[in-house]
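This document opens with one chain alone, in structure tokens, the form predicted alone.
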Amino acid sequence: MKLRRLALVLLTLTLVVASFGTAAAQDRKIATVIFTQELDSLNPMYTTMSFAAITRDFYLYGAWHFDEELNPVPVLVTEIPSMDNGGISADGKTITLKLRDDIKWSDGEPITSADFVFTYEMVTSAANTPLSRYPYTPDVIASVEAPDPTTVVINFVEPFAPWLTRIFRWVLPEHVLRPVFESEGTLDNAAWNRAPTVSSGPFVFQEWETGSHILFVRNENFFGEKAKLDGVFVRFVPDDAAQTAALMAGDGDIAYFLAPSDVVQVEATGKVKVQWVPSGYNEGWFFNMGPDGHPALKDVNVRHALAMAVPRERINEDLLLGYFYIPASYWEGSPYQSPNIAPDPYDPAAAAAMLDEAGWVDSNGDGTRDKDGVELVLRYLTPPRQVRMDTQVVVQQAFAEIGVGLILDNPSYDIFWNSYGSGGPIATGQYDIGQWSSSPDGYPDPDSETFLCSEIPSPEKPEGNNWNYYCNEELDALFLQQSRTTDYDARVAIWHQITEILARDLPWMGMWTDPDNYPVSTRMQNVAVNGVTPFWNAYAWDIAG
């Protein structure tokens, strides 16, 4: 079945190449990007998928992006705001963006300050249900104004330290989406979310065939350097094995993230070179501490006991070939992580003793611990990536030895990542242990809303991406304080407190560090990925020969 699907996708690509014109297919320069996850939306308001964020570099620009050295590079603005150039006010509460006067959408309409104000309005509108409104919330941003077509003024309630990585990383087209919002009363169901009709990037969306591909073609009206490629074909494959097979056969030009064992195989062909970049990502467990989570997980000692029962070092050595290591915090490898924290050690005997002390014992002799008539059987969900499923099996065996049961589940990506409003199993708390790879939302800045009380979704407030339902008001106060602290050393000190509290409370447990890797075909030229805006220079990509 997988081979048949692969053949159909290759046939589709051949037809797409031919459709560009009457010239021979080999004269068309179309790069094939391979993803193992199909996107859920092309509107960044409605997705947190890393695959979607990567794809955005093709068609939807923000005020700036980052180069391969993670330096901010002006895109829609003439310069990066600073106090020296007058872009940041003396009190740090106002940031002024000066837009270029030659920027335009792919349909020829100018990109103006009105698009920035519209984007802010859409994220904050109660009529829309974005996955998160942060940092455009009223406790952070007081207003966004457009005094003239090329000036955007952002007024913060207090100085907001992580502004460079958190605001206007993408901008929506008002002239296209304002009529939709006014006629439908929301953007939640806009056709544009899956078929963006205009672009501000070097490529324009052309088609999305569910289960197969998304095609982008060159934006002939792009205000920047015209793309060297005729198009980019984003192809969806069912799993890691299909991705690896395609790369080894020379049927893909760029992919996103290979398992270490696959890196060795792919590079051995001589057709592909893998680029590794730090991205702030770490694979980890989110413990569901909400009302639908297992009652045992409300006890911090149980969470630490479970952590001590997971053979993380063995998993890293056996399944990941020793490429990675166990992260102590969500901000592993950064100066913002306290030097006083470390991962819980692997100690199943101590874990069993802690569970005994917490009152979880096998009182009925069925081999599984229980308390007050509740069995210690946990729902362990992770997307269907092979290394994650292999990890589930290892953990299930390890937990069985200390009397903890696991129900393993692997919802497809399009289900796993569904929002609260769409009934996603993680967003709605229908799990006990959730495993995936995540990064601070403002990387390379540490700012993150993942653990904020205000980000817990509910029927009354379906937006919010605190999907493990952890709430600590002391921590909330520190998150707010760090965001308003512009002195670097003082801010680092606050972050050390934050990471120490999270290490103590353990709503999240690191499994392995997860730097991004991008396999790139040797026929591709000028591909320079980074861990923030990976495809930032897609306009410069070329195909040799």
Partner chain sequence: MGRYIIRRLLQAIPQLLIISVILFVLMQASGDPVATLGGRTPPRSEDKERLRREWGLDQPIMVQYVYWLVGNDWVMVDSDGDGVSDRYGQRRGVLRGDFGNSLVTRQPAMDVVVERIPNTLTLMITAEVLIIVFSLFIGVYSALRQYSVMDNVLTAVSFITFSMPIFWIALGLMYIFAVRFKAWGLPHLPTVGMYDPIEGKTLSQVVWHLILPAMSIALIDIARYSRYIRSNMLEVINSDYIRTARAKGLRERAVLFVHAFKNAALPLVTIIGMDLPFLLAGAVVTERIFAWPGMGRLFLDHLTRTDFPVLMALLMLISVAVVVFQLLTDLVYTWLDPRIRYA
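The model shown is predicted, which means the values in this text are computed figures rather than measured ones. Superpose the two forms; the largest set of C-alphas matching within 1.5 Å is the rigid core. Residue numbers count along the first chain shown, from 1.
Beyond the structure shown, there is the form predicted in complex with the partner chain, which is absent from this document and is the topic of what follows.
Remark: of stretches 485-493, 61-69, 32-40, 499-507, the one touching the partner chain in the model of the complex is 32-40 (heavy atom within 4.5 Å). Of the listed positions (401, 357, 209, 362), a single one reaches within 4.5 angstroms of the partner chain by any non-hydrogen atom in the model of the complex, namely 209. Note on the partner interface in the model of the complex: the residue among 435, 338, 422, 275 having a heavy atom within 4.5 angstroms of the partner chain is 422. Although the partner is absent here, residue 518 is a contact residue: one of its heavy atoms lies within 4.5 angstroms of the partner chain in the model of the complex. Using a 4.5 Å cutoff between non-hydrogen atoms, residue 464 counts as a contact of the partner chain in the model of the complex. Contact annotation for residue 469: none of its heavy atoms lies within 4.5 Å of the partner chain in the model of the complex.
Interface membership of residue 292, defined by any non-hydrogen atom within 4.5 Å of the partner chain in the model of the complex, is ruled out. For the three marked residues, 204, 223 and 230, no heavy atom of any sits within 4.5 Å of the partner chain in the model of the complex.
Contacts with the partner chain in the model of the complex, taken as any heavy atom within 4.5 Å, map within 440-468 to 441, 442, 447, 448, 449, 455, 461, 462, 463, 464, 465. After superposing the rigid core, the C-alpha of residue 233 moves by less than 2 Å between this form and the one not shown. After superposing the rigid core, the C-alpha of residue 268 moves by less than 2 Å between this form and the one not shown. Taking the rigid core as fixed, one finds a CA shift for residue 212 smaller than 2 Å between this form and the one not shown. Note: residue 80-residue 491 Cα separation is 3 Å or more shorter in the model of the complex than here. Panel note: the distance between the CA atoms of residue 88 and residue 491 is smaller in the model of the complex than in this form, the difference being 3 Å or more.
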